[in-house]
Structure formats: structure tokens, C-alpha cells
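In the form predicted on its own, a lone chain appears below as C-alpha cells.
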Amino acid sequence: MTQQTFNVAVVGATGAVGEQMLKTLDRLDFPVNELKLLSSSRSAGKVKTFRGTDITIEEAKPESFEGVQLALFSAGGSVSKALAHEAVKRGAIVVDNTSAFRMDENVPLVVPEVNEHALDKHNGIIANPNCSTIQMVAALEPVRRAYGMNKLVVSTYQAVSGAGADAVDEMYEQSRQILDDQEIDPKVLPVSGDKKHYQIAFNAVPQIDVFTDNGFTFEEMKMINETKKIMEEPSMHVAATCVRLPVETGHSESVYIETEQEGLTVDKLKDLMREAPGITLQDDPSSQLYPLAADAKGKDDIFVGRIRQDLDNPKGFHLWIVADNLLKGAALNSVQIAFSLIQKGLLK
């Protein structure tokens, strides 16, 4: 039987995540019939090669989506808000990798290993969660299903690539300047549009995105609200502190959880990780085996280690979770959603 193929558009094709989307579509042999590469007018006219064919990048406009069945968006929230509904009007299903629709009650927010069933209720747009949220909920969902979860506290140590190419360039430039004993002039991090900018090289910056009125940053509130939505646990206690480190790629997270039920042990938790799809357990303190951001770069899996039972609470456990923020945290999860749509017969 001939395999069904699909007309696909990638919006934001020249960005870091867009490029990873193209590589992931190719690497996972996604059934592409015709591929459109869409971007801003600045990038229109550039050429990219996909499966041996040169494709000219076009400016993203409403009419660009005629005949498109699947549109992968990663060009910023304003672009998604302007064009996602236009793509849906023309018959496409949109998988959006921005924050534009994540908390919209009519838009499913999906990590396939956690809540693939939510795709059944889509109205044309599916949201890809925040990169730091994806790796955490995918690792914790097996525990929540087996033992319930009352409380989740996470501190993230996030890579600079999550802030874009300019931030990565600034990190390397600052590193050279500091090593050469030169003055530095930060312009990008923690937030390019905020009032102050700080050194990222040889530093840790406890701000990702701008602050909200409650003292948490938008990044922290994304993690809190998205976790509750994805896990369908609106009453779970969730708190987050998000920190930017001078690491190019790979988010790391220190996570504390409290289960509803008794009986979970470190060995049982490790068994849950071994059996979970897309999870690699790296946990042997005797040989200093634990997940590292440098090792996770370029890999699809989420890596879990440093699993400990809390010393004061038998229902409390500590974990260290690491993943490539451009892959499972963005491009890979989007493509996995697309495969799920095919498997469910929702992409036609």
C-alpha cells in the first residue's frame, strides 16, 4: 500500500528551531509530499536543501498556506497570532512552537508521551509547550500516573540558545572579551527588550523573560501553568525558579516532587524511568554517572539521574532532568505531535 504523504509548511525556517525542524523531519522520515519554507521578508529568497531538493524560502503570508495540510510554526508569537488561524482557514493543522496559544482553553497543549489524547479535541491549532516544561513533564508523568503528585518545585539551569542566536553570539563574544581583559557591553540577556542587560559569560542570571506582578517571571509562570494544563492537575502545587547559565545547548533542571500515595522508593522510581518512552536513566553515584547538558546535545531523549528520596519526607523525591532544548524541547516534540496526528487519523 502506498504511504500517504502530506504537504508541509515550516514557518520560521531560518531560525534555530526551524532548522532543527527540517533536520528532524528528514531524520525521522516524516512523509512529506511538498515542503514550503516560510519566513520573514528579510529571509525570503534564501535557499535551503531538503532531501536533495533546493527550496526557495518564501515570505509568510495568508495565501502561503493554500494546499498545506500541516504547518509547523516557530517564528515568534506575533507571527503565530497573525497567521495560524489563516493557515487553519485554508485547511492546515497548525503545530505552534510559541507561547501564543498555550493557555488558550480551546487549544490542546501536548507532549505526546503525556497527553496525546488531548489531540482529539483540537480545533486546527495545537500548542507545543515551553522547552523547559516538556522535558520535565515527560519525565515526571510516569510517577504521577502510578503514585499521584501533590507538589512540584523546579529550579532550571537553561541554555543560552533558548534565547536565540544573538544571545549565543553575545555569550561567546563576552567570553573572549573577559579572557582578553576587555570591557563588555551586554545588550541581549536576560531579555533584549528589558531595561537592564547583564553579563552571561561566567555568570548565572536568575531571570528568563520579564517579571510579572507576583514576582515570578513569565518563564516561571509558563512552567507553572503549562504543567497543570498538560498533566490535567489544576490543583497541584507547582513552583519554578528559572536561571540562565552560559551553556550553549541543553537545559538542566533540579526537581522536587511529593507523591499523593505512599510506597514509592528510589528503586521503583528508577524502574519507572527505565520503562518510560523517550527517557534514558543515567544514575550511578558510585561511578559519577548523571546527566550532563554537554552530553544531551544532539540527542532526542530526556536524561534523568540524581534520584534521591527526601531525608525528611518519605513521599518526597529529588531528580535531575536534562534535555536538548532545541530538540525534545522544541523541534522534536512538534514533529512527534505530527506523527501522533497521523497515527490517530487526524491529519488528512
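So that there is no doubt, residue numbering starts at 1 and follows the sequence shown. All values reported here derive from a predicted model rather than from experimental measurement.
Quick note: we don't show the form predicted together with a further copy of the same chain, though the next part is all about it.
message: Although the partner isn't part of this model, could you tell me whether P285 comes within 4.5 Å of a further copy of the same chain in the model of the complex, counting any heavy atom of the residue?
response: Output for P285 is yes: heavy atoms within 4.5 Å of a further copy of the same chain.
task: Report whether the minimum heavy atom distance between L37 and a further copy of the same chain in the model of the complex is within 4.5 Å.
output: Result no; L37 lies far from a further copy of the same chain in the model of the complex.
- request: Could you confirm whether N313 comes within 4.5 Å of a further copy of the same chain in the model of the complex, counting heavy atoms only?
  value: So N313 counts as contacting a further copy of the same chain.
- prompt: Taking heavy atoms and a 4.5 Å cut-off, does K151 contact a further copy of the same chain in the model of the complex?
  reply: K151 belongs to the contact set for a further copy of the same chain.
message: Within 4.5 Å of a further copy of the same chain in the model of the complex - does that hold for a heavy atom of every one of R51, G76 and V79?
response: Per the other structure, none of R51, G76 and V79 touch a further copy of the same chain.
task: With a further copy of the same chain left out here, work out from 116 to 124, 100 to 108, 87 to 95, 179 to 187 which stretch has heavy atoms within 4.5 Å of it in the model of the complex.
output: Only one stretch passes the 4.5 Å heavy-atom test: 179 to 187.
- request: Please pick, from L269, V247, I230, A163, the one residue with any non-hydrogen atom lying within 4.5 angstroms of a further copy of the same chain in the model of the complex.
  value: The residue in contact is V247.
query: Though a further copy of the same chain is not shown, can you say which of L292, A44, V32, I55 has a heavy atom within 4.5 Å of it in the model of the complex?
result: None of the other options qualify; the answer is L292.
query: Does any residue in 206 to 237 get within 4.5 Å of a further copy of the same chain in the model of the complex, counting heavy atoms only, and if so which ones?
result: Counting only heavy atoms within 4.5 Å of a further copy of the same chain in the model of the complex, the contacting residues of 206 to 237 are P206, Q207, F211, N214, G215, F216, T217, E220, M221, I224, K228, M236, H237.
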